[in-house]
Each structure stands twice: as C-alpha cells, then as structure tokens.
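Only one chain is shown below, in structure tokens, and it's the form predicted alone.
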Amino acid sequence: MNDSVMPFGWGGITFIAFYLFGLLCIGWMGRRAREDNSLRDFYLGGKGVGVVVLLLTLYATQYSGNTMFGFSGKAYRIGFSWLTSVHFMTAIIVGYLLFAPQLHHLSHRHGFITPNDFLNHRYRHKGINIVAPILMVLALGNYLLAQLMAMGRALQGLTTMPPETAYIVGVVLLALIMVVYETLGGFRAVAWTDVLQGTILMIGFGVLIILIWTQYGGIAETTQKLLAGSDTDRAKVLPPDGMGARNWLSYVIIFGLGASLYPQAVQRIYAARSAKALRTSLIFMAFLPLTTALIAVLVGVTGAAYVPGLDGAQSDRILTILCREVQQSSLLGYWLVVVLFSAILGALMSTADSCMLTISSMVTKDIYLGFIQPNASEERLTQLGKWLSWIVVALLAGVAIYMNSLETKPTLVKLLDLKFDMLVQLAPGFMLGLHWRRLTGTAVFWGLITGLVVTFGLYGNAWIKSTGFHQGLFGLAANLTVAVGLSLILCRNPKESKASLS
C-alpha cells in the first residue's frame, strides 16, 4: 500500500462530505445574516466581531496549510532546528502590538475597508495607492496558491485514486466549495467556519501528537533513533550552526513584521468590535503556537526518524503518512484522523478564502473604484468583488495544477518565504507611519520601490544565501534607509502629519 494513502472508507468519506456540505450551509447562514449590500458588511462583517470569533478567525487564518503540511515537512527535512517556527509565530503577536491598537482606532473613526485605506489616509500618495495594493495582491496570490496546492496534497492522502488525479480533484473540488460559501456569506461565512475549524484543530492536534507518540514513541525515543542513524539524521538533532542561528533570527524578524501585515489580518483588525476585544484576542494568540506550530514540528521530526526517504515536496506529506498509521491503530485513532482531517481541509479553505476575500476587496475598492470607476455604487462593487473571487480562484487553481506537473515541485515553505520577502516591505509605511509623524508619502513610496528592487535583485545570489538571512531583510534595510533619509531631507511639516494620523 502507498504510504501516503489513508484508506478512510465510506464511513470517513461520508463524514467529510457532510462536513464540507456544512461549510456551504454556514455560507448560506452568512448570507441570511447580512445587513445590507455594503462593502463593510461583505468584507468586514458589519458592526464588528467579538473576542471568541476574532481569536479563532485570526488563529485559523494564521495557521494554515503551511503550518499543517509545510511546517511538518520542513521539520522532517531539517529536524529540531525548525523549532524556530514556534518563536517566529509568537513574534507575529509582537508585530501586531507595534501597530494594531492604533490602526484599529483609526479604522473605526474613518471607516477603513482595505489595508490600503490606511495608507491612503496617512500619505495621500498616488504612487503608494498603485504599488501597495498590487504588492499585497501578489503576496496574497502566492499565499492562496500555496493553500490550493496543500488542498491537492491533502486529498492525495484521503483517497485511493492515482496521486495526480487525486491532486487535481482536490484542488478543483475544494476550491469550488470554498468560493461558493465565500461569495454567499462573505466575511461572516469565513469567520464562522474559522470558529469551528480552529476549535477542532486546537483539540485534535493535541490528541494527535499523543497518539503518534503512542504509536512510535515519544521525544526521547525519536531523538535516540535519529542520533543512531546517518550523519544527515544526526544533524536533525544537533543545535544549528552559525548560519542556522542567523537563519533563526531572520525568520523571527521577517515573520514578526511580515505576517502581522497579512492584508487579511489587517482587515480582521478593522473588524474587531472594540479595542478591548482586539487586545484580549492578541493575548490568547501569544500562546497558540504551542498548540499548532510546536506539534507540527514534533510530527515532522517523528516522521524523520521512522519514515525516512522522502525528498523535497514529498516531505510535505509526512503528516498524512503518520496519520495513516494512527488511523489504522484503533477505532479512536480512525475517527480522530477523520475529524482532524476534515478540520484541516476546512482550515485550508478558510485561509484561502480569507486571501480571496481580501484580494477581491483590494482590486474592487483600491483599483477599480480608485482608478477606473470612481462613481460606482457599493452594491455594484460588492457584486464585482464576488465575480473577481471566482476568476482569481480559477486562474490560481490552474497554476497549482500546472506546478504539480513540474519535475521539481516547490515546497510550501519556499512559497511562504517569497510572500514574506514582499510583505515585509510594507512595514515602514504601516508601523513607522503610525508612530513617526514626519514620515512622508514620497519617502515611503521610494523606500518601497527600493526595497522591492533590492529584494528581487538578490534572488539567486549565492553570497546572500550563505548569510542565512532572507533577501527581504536586505530589501527592508534599503527600504528603511531611503524612507527615513528622504523624510529627514524633505522635512515635512509636523502639523500636516498630525492631521493625517487623527
């Protein structure tokens, strides 16, 4: 039997089918709960969300296919060194605290819908209004693509179909379900499904690691087995070398700044019912890496010890392989894996539809309304946003299927790195701009352009790779230098800046 196949049988498949149908029902409930056809109602859920829903929608959005499959796959390849994922997922909360409270205050005062609404309010710069939305759309497109690929790889572990066929069916079927319930219920459907999926993931992952340890042995046994193996296996247990330590630091910085600026996360900051609800959610979020990222690392390292021989993108399937063993060990294991994988599929779709929702909001409001049809009604814009969701998903599903046909398939973490190299270039405009009144729009624009040119100019550079730092951090350094230097030279009137932050 193929180790990546989990023979769920008709019982498990029927449960998953009902679960996915339930997501469609939640989408319909979201449609019934809408208050009007405004952009704020469709993209932010109207009057705002409370602590529990906000916490779980942030959680389900932040922990996605990259965490379930990508993090466990990365830990399989490099071992305990990937514990840095726990640190950088925690660093995201620090990133939020640098700007989220003040941004939430401004968003409620001025009615922000998209992330670029703040940038437009703060700088009133046409260049930023063009480049920033395009940059965020590209970054989110990359993230959405990673989720679609993870959907395909997940279905490869659920059925006995040929792997290539299962991948295509997974991408197309799950993407279709996702886009249907998202266009039905908008932000409400996304947030309500997040509550269900987030709860199952937190509980299910905890039970899963106990069952895996029961099946294979705990951390001590795993460590001893790796130490007794090849040089490659022993390296997965040893502390990182100098370059590895620099890579840890690089991930902590780029995630802390970049992931906190997820455009869909910024919209959730806008959607919070109150500043108190936002702060409480962030307090609890600080502990959640221990329930997900840490367990993904332990799953990957256990797999490295007991299921050797997976290369490259194949290692992203280690979670499904270990779950197959747990599933066959007992009736409890069987139904735990069925329920857990239902939630994982839902979490993949939930993260993907968050990206899709934010992409459609930015293309609709920032680009179409801002530059093409300034007099369009909100009802027309909402309808346009729904059609855009279908178009974007169709295009990226095609790309996901094509990339899976390549001889060398990209890993999920590689796609993750590319996204953050781009997103981190927005940090000066958001984080510095909320606290330093003299930062000017011209300086932010040219800093952003400089950062992107440096980042992409360094891709493939052998020396940069040898430093252990992401290209995006070199771009950010250049970005900050230009933004701060130009602002000091231009010496913008502090009174003008004060008005833009009020």
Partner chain sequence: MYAVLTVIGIPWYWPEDHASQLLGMPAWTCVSLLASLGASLLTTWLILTHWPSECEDGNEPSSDPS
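This structure is a prediction, so every number in the text was calculated from the model and none was measured. Residue numbers count along the first chain shown, from 1.
Separately, the form predicted in complex with the partner chain exists; it is not shown, and the next lines address it.
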Does the 4.5 Å heavy atom contact test between residue 330 and the partner chain in the predicted complex come out positive?
no
Indicate whether residue 229 is a 4.5 Å heavy atom neighbour of the partner chain in the predicted complex.
no
If you check in the predicted complex, is residue 287 within 4.5 Å of the partner chain, heavy atoms only?
yes
How about residue 308 - does it come within 4.5 Å of the partner chain in the predicted complex, if we only consider non-hydrogen atoms?
no
Of 97, 134, 391, 173, which one comes within 4.5 Å of the partner chain in the predicted complex, counting heavy atoms only?
97
Can you work out which of 161, 283, 210, 130 has a heavy atom no more than 4.5 Å from the partner chain in the predicted complex?
283
Look at the candidate spot formed by 90, 241 and 275 and say whether the partner chain comes within 4.5 Å of a heavy atom in all three of them in the predicted complex.
yes
In the predicted complex, which of the stretches 202-210, 101-109, 336-344, 372-380 has residues with heavy atoms within 4.5 Å of the partner chain?
101-109
Within 206-224, the residues that have a heavy atom no more than 4.5 Å from the partner chain in the predicted complex:
219, 220, 223, 224
